[in-house]
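Quick setup: one chain, the form predicted on its own, written in structure tokens, and binding and motion questions come after.
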Amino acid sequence: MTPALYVLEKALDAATLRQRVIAHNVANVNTPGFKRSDVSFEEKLARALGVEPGVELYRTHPGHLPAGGLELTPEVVPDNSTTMRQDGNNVDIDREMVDLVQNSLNFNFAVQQLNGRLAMLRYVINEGRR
């Protein structure tokens, strides 16, 4: 599997997990004491791709992956630091709806990119013939 396909696969995994987490948050909007959760993925992706500052390793080609490989496992992170209501619940339904729309856009973007990559591979395998 190419690194680009691996990253796209993990992006789809993260979007799928985030969809479940948002649905769980929305389902518990009226549960006293419930704390919302989120999915941590984009920070790991930025770090793995070298976008964030960190320990720089020398690469001989810009297309090479950083040393140590990509460890891109999306992770559910509970938000215990905030409270929205008197009963201790911290689910903001407006925020969850915005996160849901953004997650759908991210998922669709990853699917389009994956389809483009697979079409390119199919074209090469068929030696340019359809």
Partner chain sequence: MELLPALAISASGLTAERLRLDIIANNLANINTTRTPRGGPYRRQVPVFAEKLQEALKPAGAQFKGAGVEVAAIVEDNTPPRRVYDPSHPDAGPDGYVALPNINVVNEMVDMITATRAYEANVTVLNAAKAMTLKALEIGR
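Since the model is a prediction, treat every value here as computed from it, not as a measurement. Positions refer to the first chain, counted from 1.
There is also a form predicted in complex with its partner chain; it is not shown, and the following applies to it.
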| item | value |
| --- | --- |
| Contact label in the model of the complex: residue 83 to its partner chain, heavy atom within 4.5 Å | no |
| Touches its partner chain in the model of the complex: residue 121 (any heavy atom, 4.5 Å) | no |
| Residue 27: touches its partner chain in the model of the complex, heavy atom cutoff 4.5 angstroms | yes |
| Interface membership of residue 75, its partner chain in the model of the complex, 4.5 Å heavy atom rule | yes |
| Within 4.5 Å of its partner chain in the model of the complex: residues from 76-109 (heavy atom criterion) | 76, 93, 97, 100, 103, 104, 107, 108 |
